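Two forms of the same protein chain are encoded below as structure tokens; each is given separately, as structure 1 and structure 2.
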Structure 1
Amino acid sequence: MFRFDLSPSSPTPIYRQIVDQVARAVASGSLQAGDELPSVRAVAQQHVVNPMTVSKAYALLEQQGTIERRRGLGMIVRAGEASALDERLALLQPALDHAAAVSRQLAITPKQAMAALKLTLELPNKVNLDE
């Protein structure tokens, strides 16, 4: 069964952590279509968080089409590409956060960083040029 890694003290709200972790696990393939998520009650009990927070996260994931409620089984990961972009963007986010942090440390302005990112994206083989 999928296990969440929740950190209540983080500035990221708990419902957001749940949504992000499911999205990342789906995008990376560690959660696949048909896999079951732990019940709201089980997550709330195990992590000692408010069940309403877990429900809120599951409702959002359901809305995004990532999971669906199946009778007798609880929440199931859905097949399909409906939220594929969301999932991939969620996977990209940690790398973006890191790039943003390094940019700030180097006093690179957002404009300069954006230009550098654009250049990197437009020159996908840049790495190979050095070889």
Structure 2
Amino acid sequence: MFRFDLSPSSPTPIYRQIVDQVARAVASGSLQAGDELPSVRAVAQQHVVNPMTVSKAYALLEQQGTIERRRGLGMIVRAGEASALDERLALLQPALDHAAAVSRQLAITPKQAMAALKLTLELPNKVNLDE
């Protein structure tokens, strides 16, 4: 079953994190038509968030046509295909824009930022620019 990676300290609201993560998982094909999402209660308990926050995210995803409510099954991913590379890169662009802005604020050169991104992609959570 799909697992959310929610960060309460992020400036992005929790409901938006849920919406974005489901959208990216569907776009990449890691969530496919018929896959079940965890229940509102399960997500709320696991991440210690208000169930209304999770419910709001699921309602937005339902309005967007990404998921649908099935009686007795909970929320499932609607039929669709994995997105083309251009569409997936468009979903990545806001994070890249943010990383670029922070890099400029910290006076990190493009070469250093690219090295950090490469390390992050290869070894998550183990960025060390001094090597």
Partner chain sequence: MNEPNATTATTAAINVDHLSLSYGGVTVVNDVSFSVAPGSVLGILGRNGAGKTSLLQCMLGLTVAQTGTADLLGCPSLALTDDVKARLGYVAQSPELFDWLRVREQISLIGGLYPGWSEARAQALCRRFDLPDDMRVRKLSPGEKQRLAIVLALAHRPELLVFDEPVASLDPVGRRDFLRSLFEQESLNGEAVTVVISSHLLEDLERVATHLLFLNHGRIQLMGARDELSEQVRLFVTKHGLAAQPGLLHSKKLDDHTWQHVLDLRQFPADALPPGTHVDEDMHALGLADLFVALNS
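FYI, numbering is relative to structure 1, first residue = 1. Whichever C-alpha set is largest while still superposing within 1.5 Å between the two forms counts as the rigid core. A quick note: this is a predicted structure, and the numbers were derived from the prediction, not measured.
Here, the chain labelled structure 1 is taken from the form predicted together with the partner chain. Annotation for residue 12: C-alpha shift under 2 angstroms between structures 1 and 2, rigid core superposed.
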